[in-house]
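Listed next as structure tokens is one chain, alone, in the form predicted alone.
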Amino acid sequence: MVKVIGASKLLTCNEECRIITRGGVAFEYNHIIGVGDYDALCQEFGQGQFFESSILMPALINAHTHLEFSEQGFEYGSFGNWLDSVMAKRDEKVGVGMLQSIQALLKSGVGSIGAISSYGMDKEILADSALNVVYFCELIGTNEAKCDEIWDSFHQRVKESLTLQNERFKVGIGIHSPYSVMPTLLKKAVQEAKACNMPMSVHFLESREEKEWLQQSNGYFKNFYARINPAVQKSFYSPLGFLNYFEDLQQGVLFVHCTQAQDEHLQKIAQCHGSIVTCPRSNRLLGGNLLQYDWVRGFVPVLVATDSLASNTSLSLLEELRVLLFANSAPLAPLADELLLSVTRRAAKALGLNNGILEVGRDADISLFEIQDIEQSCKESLQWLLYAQEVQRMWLGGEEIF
């Protein structure tokens, strides 16, 4: 059965940010079959449902979050303090509050996520949820003597996750960071991703502590490894040496954070067909600087995400976008358009999803926000970004969620 919905404004989120006044979408089952003037769609497909003082747009995409870490209560102020508190408290906090986090994501208009999973505790919950999920099984390991054991355990998690794979749950590989994955494991993971055409997500240059370790084998991580694994005397890689492992991947890689990246690193990420995911509130809470958004997007596509509740105050992607809107000096309306694309069209492309744009053939993942006086606005993206708080209605895979 064909369903037609319309609103005062429709944001297609194509590259031109086309906006349709009194626009509508027609979809059948899980695919969009028509986009355009609402009244014309009703004539073609039958009576629809129109929402006054509202915006229709693609459901948002949060490209980087850790559902297993849905509890707060960690130390902020520096990356080292935060990591020490995670190591001390993770056993009591990991896996708690995951269902509530899914609801929070949905209510902020998010229909798809890039989920980083360290333990595999969240796979069934996510597979059963309404969310469209790219599920990154995360690899971590620095003990060369246990390399085979670490790989076998990781590979078992991947295989178990693949049993749940379907059109709305896809499996990828996550690399924890260059300071926590030894070269033997990294090489195997990249080979696996390449052979199976799996997406990859990588934390990279998130903090000053990480940068000092990669460049000088000194600072916080020197003391960290003296405590937990004294065999690690120096960094496994330089920043560029680490990036070289990803240069032959055709599907692209999500490089997360990159707040300490320089021109040479961004150029290398571009050569790797990569995208950068920025999580500004998390970066600020862990004592780092925000990504220089205008500068970085001159090199590579930039996506916006929330990271986890372990390093954030909420999972609202709307709040995350507003932080970047206020932190940058670029003209407001064009910046709002760019930020909207960073959580729709460009995020979908980076994750290999068939959504993020309202156009024929795309998945029917659609959000509706109520925005007062939007009919009179000529800066729709900006007005949405300033005033949207929660999604009013949502359709995912053609099914109404709210």
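Quantities reported herein were computed from a predicted structural model and do not represent experimental measurements. Numbering starts at 1 and follows the sequence shown.
There is also a form predicted together with a further copy of the same chain; it is not shown, and the following applies to it.
Though the partner is left out of this view, residue 176 does not reach within 4.5 Å of a further copy of the same chain in the predicted complex, counting heavy atoms only. Using a 4.5 angstroms threshold between heavy atoms, residue 224 stays clear of a further copy of the same chain in the predicted complex. With a 4.5 Å cutoff on heavy atoms, residue 335 counts as touching a further copy of the same chain in the predicted complex. At least one heavy atom of residue 386 is located within 4.5 Å of a further copy of the same chain in the predicted complex.
Only one listed stretch (280-288, 266-274, 130-138, 103-111) carries heavy atoms within 4.5 Å of a further copy of the same chain in the predicted complex, and that stretch is 280-288. Within 4.5 Å of a further copy of the same chain in the predicted complex, a heavy atom is found for none of 153, 230 and 232. Of the listed positions (312, 117, 201, 259), a single one reaches within 4.5 angstroms of a further copy of the same chain by any non-hydrogen atom in the predicted complex, namely 312. Checked against a further copy of the same chain in the predicted complex, the residues 296, 325, 125, 164 give one hit for a heavy atom within 4.5 Å, which is 325.
If you take 74-102 and check each residue for a heavy atom within 4.5 Å of a further copy of the same chain in the predicted complex, you get 75, 76, 77, in sequence order.
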